[in-house]
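Only one chain is included here, represented as structure tokens and corresponding to the form predicted alone.
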């Protein structure tokens, strides 16, 4: 049968889902500047394909414009249509950035970091997910058996990642049943979040072609193991020299890095609403789950909100040195999550904040996290009034839809979408 190839322009918005619009590839040259039409209220579609509320109504027009540096064109060579899409920016019709564009939110945060400290962010996302194409079995955490059971998934996924411009780093069987973890190589600035979005979609695309699903939901079973997303970050100066490490500093952190992580810890309750934005995120963030419960910084401790990661002694310690943000999961847009971390860190730098000896407990629910976000004047300033208000409306509508459901029922609803 005759076929004509299509390409899609996408955004990863407040619900953490990748949405957009497709068109014939032959039209691509003309679309690189004018993009495709978009609607403000599209941003208010939640994880369950509902719009409980919108400040935009039915009016307004925007454009979704492809970023020429973020094209994915992957042929799985199985007869299926290629995975061909661009990640892009949401703009007004005259080309100005729309205030709710997730990539613009991150872009502004990175510019603020450059202005405050003259450094560039280097980051990588570590993803945990559940693959439905294997049977769970006892005694399999981190095992060769569990690795073997995923069959060709990891090999096909690795090839797709590389074809999509994401340098694969590692793949492993994790602790939970049918749970796996992968990382891709670090990237600077916005490209780190781009890679996180693309990598998740390549996992989903691979699983789809094998007749299964890659599920990034924070928790599938209230009594089970959660899926987290860990954001590793460090800094480089204008010359490309790593500037996060100081062997004489607290936990090996430079003075700049200490102020940055202090800002994150200071704003952590509000950040939770942006980085752990599902009702079931707070099932994962409970004691004895190898997940954070307090706004704390520790060295090589996987229950900390911020973990100073291990390095191999030698001449390249500064290049290896990084901090891991662990209060995030797959319900968050990588752009929004990374932007929130950067904005909080920038505030720590600007105010010269010191690392506290003990931080507050994390919010115990999405509602509590949203209350903290609403009360945060700093977050309101970072996001802008329109984005801040729309985000609160979006997530409170989602929380209301989950009210009255058991935790197991909530897990099932989220597993169906993420």
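Residue numbers count along the first chain shown, from 1. Since this is a predicted model, take the numbers as computed values, not measurements.
The same protein has a further form, the form predicted together with a small molecule, not shown here; the description that follows concerns it.
The contact residue chosen from 73, 298, 221, 181 relative to the small molecule in the model of the complex is 181, the criterion being a non-hydrogen atom within 4.5 angstroms. Between the options 330, 348, 226, 189, the residue in contact with the small molecule in the model of the complex by a heavy atom within 4.5 angstroms is 226.
With a 4.5 Å cutoff on heavy atoms, residue 148 does not count as touching the small molecule in the model of the complex; it lies far away.
Contact annotation for residue 302: at least one heavy atom lies within 4.5 Å of the small molecule in the model of the complex. In the model of the complex, at least one heavy atom of residue 128 sits within 4.5 Å of a heavy atom of the small molecule.
Residue contact check for residue 203: none of its heavy atoms lie within 4.5 Å of the small molecule in the model of the complex. Here the chain stands by itself, but in the model of the complex one stretch of 238-246, 86-94, 262-270, 290-298, 290-298, has heavy atoms within 4.5 Å of the small molecule.
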